[in-house]
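Just the one chain here, the form predicted on its own, laid out as structure tokens.
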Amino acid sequence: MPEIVRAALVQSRWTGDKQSMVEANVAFARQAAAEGAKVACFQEIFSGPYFCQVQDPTHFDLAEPVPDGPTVELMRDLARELAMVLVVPVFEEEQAGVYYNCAFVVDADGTYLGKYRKTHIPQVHGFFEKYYFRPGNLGYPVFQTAVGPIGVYICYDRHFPEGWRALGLAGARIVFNPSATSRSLSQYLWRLEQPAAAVANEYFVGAINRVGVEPLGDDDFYGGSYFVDPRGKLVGEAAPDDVSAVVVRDLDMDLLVEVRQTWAFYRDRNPAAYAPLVQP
């Protein structure tokens, strides 16, 4: 029998405060579980507004420790209840004055498996992330979950091929890319980069974007969340660009074997030729 992983992506509008945002996303996770999903990923910094549209020190109050904060505890309970793997992007405080853009992973039995910290930090108008976050320092972990090995790459990371490849080399079968990307800056890239990464690295990619205009900016997040297979084809339709949505799709893991036997990219890599690429 084919190995099918039913997976979910959640894109949601800002609800006005952290508590209601958490409650809304918990409800979306329950909806995904009711539709049979065994793994779900929320959007970038899911419980807050995308505060990086401005530089304001009051937003540091939104950060919390990982794994010792309340959101990890809540999501461990939720994952256990729903028997579902959860990928949860949050604003992490490591210590006073040290913050990361982070996503943690909880297994279907509620076990905290670890976290990924966003590696590439932008600093352009409307995306003032260097004001808030340090670059990630945990490498590119692959998490061994109830649905198999998964990886995480966050938003701006997707412009950099090195991390995509590192996750593939470490065995990821699904890579989630939770994002907050707005219509005027990068929409034309949204349907290009993740399919290209899925093809080049021969795994599934789940691309999640926020949706709607938030109070700290005047540009809108355009949703459009989708899964793409290792041939670069969308799995079903993308989510709408203007409303909250839960995308649930069946991912055929047997396709990974078929594609890797047809396009032997990992066999034909030539690492000895790549050393200059990582020089400053």
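Here the structure is a predicted model, which means the values were calculated and not measured. Numbering starts at 1 and runs along the sequence shown.
The discussion below concerns the form predicted in complex with another copy of the chain, not included here.
I need to confirm a contact call. Of V147, L82, L113, A196, which residue comes within 4.5 Å of another copy of the chain in the predicted bound form, counting heavy atoms only?
In short, A196.
Using a 4.5 Å heavy atom cut-off, are I121, L169 and R267 all in contact with another copy of the chain in the predicted bound form?
Judged in the predicted bound form, I121, L169 and R267 all sit within 4.5 Å of another copy of the chain.
Check R76 for me: does it contact another copy of the chain in the predicted bound form (non-hydrogen atoms, 4.5 angstroms)?
No - in the predicted bound form, heavy atoms of R76 and another copy of the chain never come within 4.5 Å of each other.
Mark R183 yes when one of its heavy atoms lies within 4.5 Å of a heavy atom of another copy of the chain in the predicted bound form, and no otherwise.
No, R183 is distant from the partner.
Quick one: does E162 come within 4.5 Å of another copy of the chain in the predicted bound form, counting heavy atoms only?
Output for E162 is yes: heavy atoms within 4.5 Å of another copy of the chain.
Just checking whether S20 would be counted as a contact of another copy of the chain in the predicted bound form - the rule being heavy atoms within 4.5 angstroms.
It does not: once another copy of the chain is placed as it appears in the predicted bound form, S20 has no heavy atom within 4.5 Å of it.
Pick from 122 to 130, 86 to 94, 172 to 180, 101 to 109: which stretch has non-hydrogen atoms within 4.5 Å of another copy of the chain in the predicted bound form?
Going by heavy atoms within 4.5 Å, the stretch is 122 to 130.
Using a 4.5 Å cut-off on heavy atoms, what residues in 248 to 280 are near another copy of the chain in the predicted bound form?
Sequence-ordered list: T262, W263, A264, F265, R267, D268, R269, N270, P271, A273, Y274, A275, P276, L277, V278, Q279, P280.
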